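Below you'll find only one chain, the form predicted on its own, shown as structure tokens.
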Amino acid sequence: MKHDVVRRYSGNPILTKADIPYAVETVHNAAVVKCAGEYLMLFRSHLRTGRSIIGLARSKDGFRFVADPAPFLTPAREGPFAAYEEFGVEDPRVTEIDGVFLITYSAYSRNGVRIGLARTRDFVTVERVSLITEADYRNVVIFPEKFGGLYARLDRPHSEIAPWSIWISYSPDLLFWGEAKLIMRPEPYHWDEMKIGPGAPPIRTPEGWLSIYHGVFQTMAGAVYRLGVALHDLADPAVIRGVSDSWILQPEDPWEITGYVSNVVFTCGAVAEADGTVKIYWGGADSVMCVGEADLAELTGMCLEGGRASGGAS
């Protein structure tokens, strides 16, 4: 009998465009966190213009979500962010540090794609802080703890020399980032050989920081997006202790195989639970939101037992 590392929720998809009280064409690539016992989902939606906005949905159990009546974050129309959000805001990630929820998101414009940083305490009001990358960067996730007094993040710049690899960098104030280092590359002739990128913000486990990432494989029928896991050292997150040699989730359900972008499972959020499980949220085919559960111990074990090296520069 096949063993599924990620156990899909029987009620998938958990959020679709039909569930949103304003006009959207997709619901996907959502960050999810817990705040005051409530699961909060920041999801990306395409409009009929083809541009994206970010909405908010809430849940008591992490499975059944209800969307707020209005979008949470839409492209700025004035000020320093407006020129860089002209084409949309996409793919949010959320990290809580000291009671503040830090939101990173992709800001698209005719100037390329940059990463915006916003923050909120209550998911009622949101404040834009800064644009924290130049073009072209995507998939920025911030660790939920500091290292030597510095914030740390994973990101994925576009580069033809080290194609679509994962880097780490540090900041004293969330505004200025440096000490960048390449730590993980796509693995040749594997399921993630075309490109990789950070998914959900890393999760602290006794064995290390667990990072759920996406990997892409190019087939004759097009690209396939899957999810895998890597384990970073607790004290020095630039050190990767191991990477699972196999994926943990691939497109299988109809709404993952066919949609706005076919053959995609893509995560921006995961919630670790007190019982040792983790709820992983993913967009299916860039069209709907899904959820499944996995055991944290199994995921870390896949990195350490028979896992492969990181493929990084160090």
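Start at 1 with the first residue shown and count on from there. Keep in mind the model is a prediction, meaning the values are calculated, not measured.
The next section is about a form of this same protein that is not shown, the form predicted in complex with a small molecule.
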Discussion item. Suppose contact means a heavy atom within 4.5 Å; in the predicted bound form, does that hold for all of Arg44, Arg138 and Asp286 with the small molecule?
Written reply: yes
Worksheet item: Ala270 near the small molecule in the predicted bound form, any heavy atom under 4.5 Å?
Response: no
Discussion item. Against the small molecule in the predicted bound form, would Tyr225 count as a contact residue? Criterion: heavy atoms within 4.5 Å.
Written reply: yes
Discussion item. Although the partner isn't part of this model, could you tell me whether Arg241 comes within 4.5 Å of the small molecule in the predicted bound form, counting any heavy atom of the residue?
Written reply: no
Fill in: in the predicted bound form, Tyr281 touching the small molecule (heavy atom, 4.5 Å)
no
Discussion item. Within 4.5 Å, heavy atoms only, which of Val264, Val27, Leu249, Val32 is in contact with the small molecule in the predicted bound form?
Written reply: Val264
Worksheet item: Which one of these stretches, 55 to 63, 270 to 278, 241 to 249, 256 to 264, sits within 4.5 Å of the small molecule in the predicted bound form when only heavy atoms are counted?
Response: 256 to 264
